[in-house]
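Before any questions on binding or motion, here is one chain by itself as structure tokens, the form predicted alone.
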Amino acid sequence: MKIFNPHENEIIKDVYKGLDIPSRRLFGKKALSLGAISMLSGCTLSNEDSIEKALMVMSRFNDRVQGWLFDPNKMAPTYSEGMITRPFPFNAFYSEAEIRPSPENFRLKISGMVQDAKDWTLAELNAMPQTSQITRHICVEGWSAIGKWGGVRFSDFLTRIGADTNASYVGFRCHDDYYTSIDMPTALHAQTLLTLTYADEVLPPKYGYPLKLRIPTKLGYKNPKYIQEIFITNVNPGGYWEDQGYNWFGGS
């Protein structure tokens, strides 16, 4: 694969800076000229469909760039207790009044390329070694907040279930019909956390009870809440927002 260097060419550098804008149409109109898209994607921009196809080509290009730039050994910044955002914001594509927490008989389904595909209870997850982090959540909408999250290091959990760490993707299906997926290097990152608590208390419903994935190296939409199923696969499962045009890699 050709290595992308954002300093090689002014047009490509402009593309690279603009690719994290969530709306593909806004991305096309404000971050790029049509000539630049046409040149870099090889598409003839004669109508709305061809523009959408070109923008998708550029979005996938950005995913590859971010994947190449990602350093699995580089840690996201951590903060002191005094820097926590209070209250930590609630954010979702539905209102807080519409939250539907998972039932008390919760079971986490495990599937795909794993050796042990049994369901997991909250008690079993809480019995695993726990860790915590105070990290910044960065939303694609432009705001950020610092919070304290606790739970199981996700790499430890993947080891416990015998996940094939040579697989490409980890997918998530959630109680609120949300879904997303991440690359395996991010899944194995030391700060990627299967979250069970917030501020040393049981994870509140508005933050994803009973189970959330916390990834401080990615934007907020890559941090699924109300997780019901985790699966390992070599086929990119996409995601709720990603399938509507957001960048799949979603690095912060």
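None of the values given here were measured: they were computed from a predicted structure. Residue positions are given as counts along the sequence shown, with the first one as 1.
Keep in mind that the form predicted together with a small molecule is missing from the display, and what follows is about it.
- Within 4.5 Å of any heavy atom of the small molecule in the predicted bound form lies no heavy atom of residue 150.
- In the predicted bound form, the small molecule sits within 4.5 Å of a heavy atom belonging to residue 226.
- Proximity of residue 92 to the small molecule in the predicted bound form falls within the 4.5 Å heavy atom cutoff.
- With a 4.5 Å cutoff on heavy atoms, residue 88 counts as touching the small molecule in the predicted bound form.
- Of the residues 169, 120, 178, 154, just one reaches the small molecule in the predicted bound form with a heavy atom at 4.5 Å or closer; this is 178.
- In summary, among the residues 134, 139, 125, 113, the only one with a non-hydrogen atom within 4.5 Å of the small molecule in the predicted bound form is 139.
- Residues placing heavy atoms within 4.5 Å of the small molecule in the predicted bound form fall in a single listed stretch, namely 169-177, out of 126-134, 73-81, 169-177, 156-164.
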